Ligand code: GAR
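Presented as structure tokens, the chain that follows is alone, the form predicted alone.
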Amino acid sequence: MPGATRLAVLLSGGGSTLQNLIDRTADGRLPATIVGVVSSRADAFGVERAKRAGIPAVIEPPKPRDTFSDRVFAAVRGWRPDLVVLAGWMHLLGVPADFRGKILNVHPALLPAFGGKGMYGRHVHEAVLAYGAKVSGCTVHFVDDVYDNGPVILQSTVPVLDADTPDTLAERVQAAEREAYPEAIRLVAEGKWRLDGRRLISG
């Protein structure tokens, strides 16, 4: 993908991940351009973040469900992105053929542990602590038609401390996400990788 990678961002909430990408594209740390944002909620603050950065934003509500994925990807196609980045997107999508291998997500745990339907945000960190895990972290992965199931691109670990609460663990994981997600986007955009089954091989 020559030049700046064109990114479309999908979100459902506050847009902190979007803001991280906006900041990194603006200062040159991530050689990419955010060409559009789709939000599943009109009141998501991520929409305001997009507007402040001069990024076009489209609202696609999840109902009616049977047309949701088609509507989302119709909007995305209009921006001709190289990659689609999920940034706090709360809905399962049917991935069309022309976007397979082009959609990324970051999950706040080390998949395949603590993933799947209902495992998002605070729920994940509560589950990690309840299990007694000694490490957690984040996973950037390709998106397919199943929650948290696509091949892993990159993982970053953080320690789970004895005094951790879901909030303190979340802060540490989110800090890891801010570094890992742009790195994974850069790796995929460069195209210097291949899949061997589920394993992503760099180089």
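Please read all numbers here as calculations on a predicted model, not as lab measurements. Don't overthink the numbering: it's just position in the shown sequence, from 1.
There is another form of the same protein, the form predicted in complex with glycinamide ribonucleotide (GAR); it is not shown, and what comes next is about it.
- In the model of the complex, glycinamide ribonucleotide (GAR) stays beyond 4.5 Å of every heavy atom belonging to Glu60.
- Although the partner is absent here, Gly78 is not a contact residue: none of its heavy atoms lies within 4.5 angstroms of glycinamide ribonucleotide (GAR) in the model of the complex.
- Put simply, Gly101 is far from glycinamide ribonucleotide (GAR) in the model of the complex: not one heavy atom of it is within 4.5 Å.
- Of the heavy atoms in Ala87, some are within 4.5 Å of glycinamide ribonucleotide (GAR) in the model of the complex.
- This chain is drawn without glycinamide ribonucleotide (GAR); in the model of the complex, the residue among Leu93, Ala113, Leu129, Met119 with a heavy atom within 4.5 Å of it is Met119.
- Across the options 171 to 179, 154 to 162, 62 to 70, 23 to 31, residues that bring heavy atoms within 4.5 Å of glycinamide ribonucleotide (GAR) in the model of the complex belong to 171 to 179.
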